[in-house]
Each structure stands twice: as structure tokens, then as C-alpha cells.
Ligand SMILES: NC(=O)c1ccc[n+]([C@@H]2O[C@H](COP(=O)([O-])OP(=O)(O)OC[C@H]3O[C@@H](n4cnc5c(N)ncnc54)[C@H](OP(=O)(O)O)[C@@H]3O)[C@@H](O)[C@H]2O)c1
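One chain is shown next in C-alpha cells, namely the form predicted on its own.
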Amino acid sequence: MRIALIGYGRMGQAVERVATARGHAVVGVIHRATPRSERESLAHAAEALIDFSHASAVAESVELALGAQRPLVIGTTGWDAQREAIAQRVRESGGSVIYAPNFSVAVQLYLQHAAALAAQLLRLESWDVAIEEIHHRGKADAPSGTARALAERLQRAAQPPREAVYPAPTEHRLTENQFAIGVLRLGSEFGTHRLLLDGPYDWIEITHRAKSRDGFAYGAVRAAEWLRRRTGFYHFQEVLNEILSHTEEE
């Protein structure tokens, strides 16, 4: 498969490594300063586009993919406010997009099972919950997309309902129906997420820590392989089982 990269930061470079190792070819890189004609040429030369650039560029990346009739994988975070409008645009145009705040297969399974465990325990009396995430000091958004995704799952699953709070209040205490998201920015940390559960007799801590960026890249490349002959607007989690059972046709 021929892949064009949108953005060539540390994640774009990881995608290139993983894609090449899986037998794909990166036909070019689209940067912020790439002229429109060159962007369109690269998009048409590719069989899929993978975007790890910046939230401000997502709408433009979608239009590029729709114009070239190419599938697009979006690993960029921070564009949640545009999601519904972009989803409608993609569906109306017969386009192909798959997105996730985190393309790590392990993280997606972590989100699913950690939230389910928390929801069960929070039905019992005297259980409390919090989320902590740690990333490198250059990360622009906070909390991370993964922490937000975990918080959203908890808010949907917890009974009685609980509200995620970030940052923690400084002039009053958390109410009984709130839980805090803690954020640290430190050095070159790839990404650590912790779900903390405190009960009257037990303490449970469920942690996912990324060893490199290649795990995120691997999931994005697998998503692109799956998306090639499909149309629609998908979240990685929704189709993860299909993706993992998919065998790329030569």
C-alpha cells in the first residue's frame, strides 16, 4: 500500500518505520508549507493518508482526502469540537475516515476493561476513582485524548453518574458525584495513564505505559489497511475487532 503522511514529527516518523516494516511504501510527506498542487498530487499518488499533524489542520486534511477519494486515518487530537461536522461531511461525501485519540491497540483494550471494572466497583458504597496521565512536556493538549476517553467512559458507565473535573478545584472540595483528572508534563514521557480506585478494603491501580511511539503507529497503519476498501466515519475502538482479524489482500 502506498501511504502519504500528513505531518512528519515524531509520530509521523514512527508511522513511516512501522509502515515500511509491514511492506508498505511512504510516497511523500505533506507539511504545513507544502503547496496545494503538491498536496493534491501526493494524495492522488497514495492509497491512504495518515494524519499526525495538528488539530488546526484536520478539516483541511479531510477535504484533501475527500477530493482525492482516498481513505484518511486521523491520529491528531484536540479537534473534538469539529467532530460532528466533519463526520457529517465525510458521510455525505462517501468518504473514508477512521480516527482515535490513541491508536495503540493495547490502550483501546485498556480503556474498555478498566472502565468496565471501575463501573462495577463504583456501584458499591465508599468507592472513589481518579485518573492520572503523564506526557512529555511538549504535549499541547491537556488532559490527553486518552484520559478524556477514559473519563467519558466512566461518566457513561458509573451509577450513580459521576462528573470528570479538570483541573481539581482549588477553593472547594470535590463533591460526591465528581472525580478528578490529574495531569503531569515531564521530560520525554511517551504516555502513561492510570486509573485509581480506592475502596474501604482495597486499592486498585490499573496502569498503561507506552514504551515508544511505535505502538500508536502500528495501530494507525493497521487501521489504514482495514479502511482501504470501505467508506464511512469510524472510531478505532468501534471496529478494533474487525481490524485485528483483517488480513491485507495483495
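Numbers for residues come from their place in the sequence shown, where the first is 1. As the structure is a prediction and not an experimental result, all values here were calculated from the model.
There is also a form predicted in complex with the named molecule; it is not shown, and the following applies to it.
The three residues His24, Glu47 and Ser93 each lack any heavy atom within 4.5 Å of the named molecule in the model of the complex. Heavy atoms within 4.5 Å of the named molecule in the model of the complex are found in one stretch of 75 to 83, 162 to 170, 147 to 155, 112 to 120, which is 75 to 83. Looking at His136, you'd find a heavy atom of it within 4.5 angstroms of the named molecule in the model of the complex. Although the partner is absent here, Ile206 lies well away from the named molecule in the model of the complex, with no heavy atom inside 4.5 Å.
Arg39 belongs to the set of residues with a heavy atom inside 4.5 Å of the named molecule in the model of the complex. The named molecule in the model of the complex is approached by Ala57, whose closest heavy atom lies within 4.5 angstroms of it.
Taking a 4.5 Å heavy atom cutoff to the named molecule in the model of the complex, the contact residue among Leu195, Ile181, Leu64, Ile30 is Ile30.
Of the residues in 90 to 121, those that come within 4.5 Å of the named molecule in the model of the complex through at least one heavy atom are, in sequence order, Ala100, Pro101, Asn102, Phe103.
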